[in-house]
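A lone chain, given as structure tokens: the form predicted on its own.
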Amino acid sequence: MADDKDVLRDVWYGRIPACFTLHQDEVTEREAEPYYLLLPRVSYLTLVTDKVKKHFLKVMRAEDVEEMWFEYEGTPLKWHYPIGVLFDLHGSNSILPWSITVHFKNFPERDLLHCLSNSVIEAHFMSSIKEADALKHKSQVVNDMQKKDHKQLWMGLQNDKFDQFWAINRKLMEYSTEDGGFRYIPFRIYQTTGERPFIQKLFRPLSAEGAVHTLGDLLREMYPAAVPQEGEEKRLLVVIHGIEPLLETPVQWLSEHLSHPDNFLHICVVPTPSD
């Protein structure tokens, strides 16, 4: 069970300062001022931007408004990725606030999923939790929960209530002493280059001999280029929640403490900054 509550709180309350500006091609009745917001790393863009939408609708005519979507430097931002993952993939800690462009037309059908209500986000979120529990516990924990427990997980995320969320989520982080960890670690490795949006395969927290698997072991198997050989210059950064964990960190510990609320460990592999 995840016992280090300070780490869980730090992860939950991670914030990214952002500046939302309306795209220059949008038609407005008067100039649209930028809108500043602290974005929760563990949430989803479409869940926390109601205020952004209301702000820009004040200067627009109803007939000029279609579905709101976001981009950063020409890249449409996938709302179904957690905000922290989007920032670690595309943003930079050296350039803050994160400058996000808001659109109300020309929705990029090929790049983004539609999200017309919070129920779409809830369905995606719960689907991820169920997938993660299938990997961790053969779905036993999530299937034993009542509907109100599922709702409490969602409401905890939606309303940014750490204690409400973790009162239920802790059950999803438990395992028996004899197992020594989850059945498989739910993880996704993201990269800015490459055809596949992310890498996701089966990976156990322990070897067949019972040795603890580390982040380095996971990467060497799934993404060898992310682990520099001896004497080799580091070309890629491995980032989880904006930090670079030590490659010696056990993946079981990372899964318990640094997973997003969807119960997946989201790992971003990005090029080392050139400056």
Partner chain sequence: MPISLLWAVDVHGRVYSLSTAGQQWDQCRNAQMEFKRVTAAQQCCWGIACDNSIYLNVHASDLPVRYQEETYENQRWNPVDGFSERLLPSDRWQWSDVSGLQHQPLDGFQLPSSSWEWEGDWFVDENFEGEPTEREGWTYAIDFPANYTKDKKWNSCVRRRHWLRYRRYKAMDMWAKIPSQQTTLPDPFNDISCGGWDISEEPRGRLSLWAVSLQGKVWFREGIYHHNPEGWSWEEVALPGEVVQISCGPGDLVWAVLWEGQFIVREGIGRDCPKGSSWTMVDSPSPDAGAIHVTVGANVVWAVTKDNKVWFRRGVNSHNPCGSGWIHMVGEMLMVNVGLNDQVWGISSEDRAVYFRQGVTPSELSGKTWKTISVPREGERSHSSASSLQSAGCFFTGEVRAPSVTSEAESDPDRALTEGPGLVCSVAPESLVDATTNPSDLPLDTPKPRIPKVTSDSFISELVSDREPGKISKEAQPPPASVPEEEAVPSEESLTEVVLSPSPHSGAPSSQWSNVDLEEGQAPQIQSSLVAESADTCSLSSVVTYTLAMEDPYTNDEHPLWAWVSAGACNVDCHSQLNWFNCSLNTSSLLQSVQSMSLSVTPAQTAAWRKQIFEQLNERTKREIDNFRHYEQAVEQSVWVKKGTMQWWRDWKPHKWIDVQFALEQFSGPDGNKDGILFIYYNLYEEKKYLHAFINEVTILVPVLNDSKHTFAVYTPERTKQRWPIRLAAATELEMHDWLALLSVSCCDSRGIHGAPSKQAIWSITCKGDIFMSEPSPALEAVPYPTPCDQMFWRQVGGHLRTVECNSVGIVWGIGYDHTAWAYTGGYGGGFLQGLASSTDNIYTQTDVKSVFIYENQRWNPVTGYTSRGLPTDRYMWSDASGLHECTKTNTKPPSPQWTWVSDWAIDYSVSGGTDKEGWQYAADFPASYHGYKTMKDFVRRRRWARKCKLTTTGPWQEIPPIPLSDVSILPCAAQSSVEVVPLWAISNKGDVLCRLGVTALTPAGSSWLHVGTDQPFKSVSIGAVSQVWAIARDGSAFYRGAVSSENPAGDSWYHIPSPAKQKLKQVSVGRTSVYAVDENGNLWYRQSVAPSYPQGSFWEHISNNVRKVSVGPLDQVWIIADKVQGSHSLSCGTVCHRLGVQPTEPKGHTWDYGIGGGWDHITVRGNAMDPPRFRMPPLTNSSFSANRSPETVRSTEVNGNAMGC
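On a predicted model such as this, the values are computed, not experimentally measured, just so you know. Positions refer to the first chain, counted from 1.
Omitted here: the form predicted in complex with its partner chain. The next part is about that form.
With the partner left out here, its partner chain still marks one of 100 to 108, 166 to 174, 121 to 129, 185 to 193 in the model of the complex; by a 4.5 Å heavy atom cut-off that stretch is 166 to 174. Of the residues given (225, 38, 237, 57), 38 alone sits with a heavy atom within 4.5 Å of its partner chain in the model of the complex. Though the partner is left out of this view, residue 65 does not reach within 4.5 Å of its partner chain in the model of the complex, counting heavy atoms only. In the model of the complex, residue 161 approaches its partner chain with a heavy atom inside 4.5 Å. Interface membership of residue 87, defined by any non-hydrogen atom within 4.5 Å of its partner chain in the model of the complex, is confirmed. Residue 23 falls outside the set of residues with a heavy atom inside 4.5 Å of its partner chain in the model of the complex.
Contacts between 236 to 250 and its partner chain, taken as any heavy atom within 4.5 Å in the model of the complex, involve 241, 242, 243, 244, 245, 246, 248, 249, 250.
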